[in-house]
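One chain comes next, on its own, written out as structure tokens in the form predicted alone.
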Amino acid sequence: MYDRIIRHATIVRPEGQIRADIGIEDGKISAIGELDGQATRAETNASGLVLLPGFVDSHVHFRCPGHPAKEDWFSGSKAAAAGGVTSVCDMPNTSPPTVSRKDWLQKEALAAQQSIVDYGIWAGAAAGNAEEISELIRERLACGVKVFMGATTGPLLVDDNTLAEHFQLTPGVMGVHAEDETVLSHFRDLGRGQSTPDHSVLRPPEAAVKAVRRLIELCETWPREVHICHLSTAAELELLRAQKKQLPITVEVCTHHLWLSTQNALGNWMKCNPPIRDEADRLAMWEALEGEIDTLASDHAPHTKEEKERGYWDAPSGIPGVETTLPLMLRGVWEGRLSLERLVALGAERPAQIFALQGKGRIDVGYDADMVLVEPQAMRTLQARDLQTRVGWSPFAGWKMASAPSEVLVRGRTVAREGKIVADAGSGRKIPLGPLTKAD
């Protein structure tokens, strides 16, 4: 007997769509096909609805431990679930930063107590910690090592020697914030006399291009899996175009770099790193979704309204986004900007593959029953009062986007309906990680 059958759903996978029933047992998808007459404890008629795999957001900052006024694992995972994200990977620039086994285990204990979605946890690169982080990754605890080549939120900026050390010693995936600090420092100095400088000028495309060029050089010397986070410029794409097929480099784009540009994103509310770029770069990101981009993520980085209302030099960089990624991208689908098949590849299957997240990212027999039911073409105007993130604001409040998912499931259990949370804290679990590649 099935625990649940979802009947007559239009199932979306990267290779196409099928209309079928899905049988769920013990949190897994156990059958796909025509299940008429099969016994089940519960069933859902999904006729007329689209069934997507739960989204995998490999780039979130849930601020826990250290900054509960901004977010914690419970509020952040509620925001994820409300938006159709069923798996998250949390970044290491918390307080304390996740740069040791002790730090990693402390964060994992908090996630286990609070999260309602499944999770992975990054470790952070710092001077002298390459061997300790290597062990965390080889034991399949940390989902990867994150390197900050440019200063941003938190104390994890690395110099070139530390970067090279981690390139040589740490296995698995290296996620990189690719902005060159020497370029950033130069432009920060130029802007010091201005009370409200242009953030996109202080962090220009050349900082990103120089960092990506350095990553390519390092990959040619010490080939290893590198995942460039929040790619944002056409110049980076051009630089990678000739190299990406020969090197183990994958790239991520974030929702805000697809929807915002310097034409419509001004002031501290949209201040983030890398910054919002000009319209030509924004359009280049959309074009690259068809093949050059590997994954879609939010870089969910909440700060309080009070912090964002400070002057430029005191206001932190970062914007919330885990709750709006899928609804915004579904708007893009409904408007004909990309296909549903490509969306689930970018937002679910590819991140699960790159980070070896076992059982995640696809609707198929044997996979976790992480699924999102959505009503085709249904749209809404996002209201700040409906947000689950603790900071209670979004750069996309007032924007038109897809309606909240009709239902969101994590391992077969319902966690959200129509944007309302119905799961308890601590029901999420650490995602099992697959084996490292032979090269590691």
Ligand code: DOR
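Everything numeric in this text was worked out from a predicted model, so none of it was measured. In case it trips you up, residue 1 is the first one in the sequence shown, and so on.
The same protein also exists as the form predicted together with the named molecule; that form is not shown, yet it is the one meant from here on.
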| property | result |
| --- | --- |
| Which of 347-355, 108-116, 316-324, 276-284 lines the interface with the named molecule in the model of the complex (heavy atom within 4.5 Å) | 316-324 |
| One residue of 75, 233, 261, 93 in contact with the named molecule, assessed in the model of the complex (non-hydrogen atom, 4.5 angstroms) | 93 |
| Sole residue of 212, 369, 145, 272 within 4.5 Å of the named molecule in the model of the complex, by heavy atom | 272 |
| is_contact(residue 299, the named molecule) in the model of the complex, heavy atom dist at most 4.5 Å | yes |
| Proximity of residue 200 to the named molecule in the model of the complex, heavy atoms at 4.5 Å | no |
| Close approach of residue 152 to the named molecule in the model of the complex, 4.5 Å, heavy atom | yes |
| Partner proximity in the model of the complex: residue 61 to the named molecule, non-hydrogen atom cutoff 4.5 Å | yes |
| Neighbours of the named molecule in the model of the complex among 164-180 [non-hydrogen atom within 4.5 angstroms] | 177 |
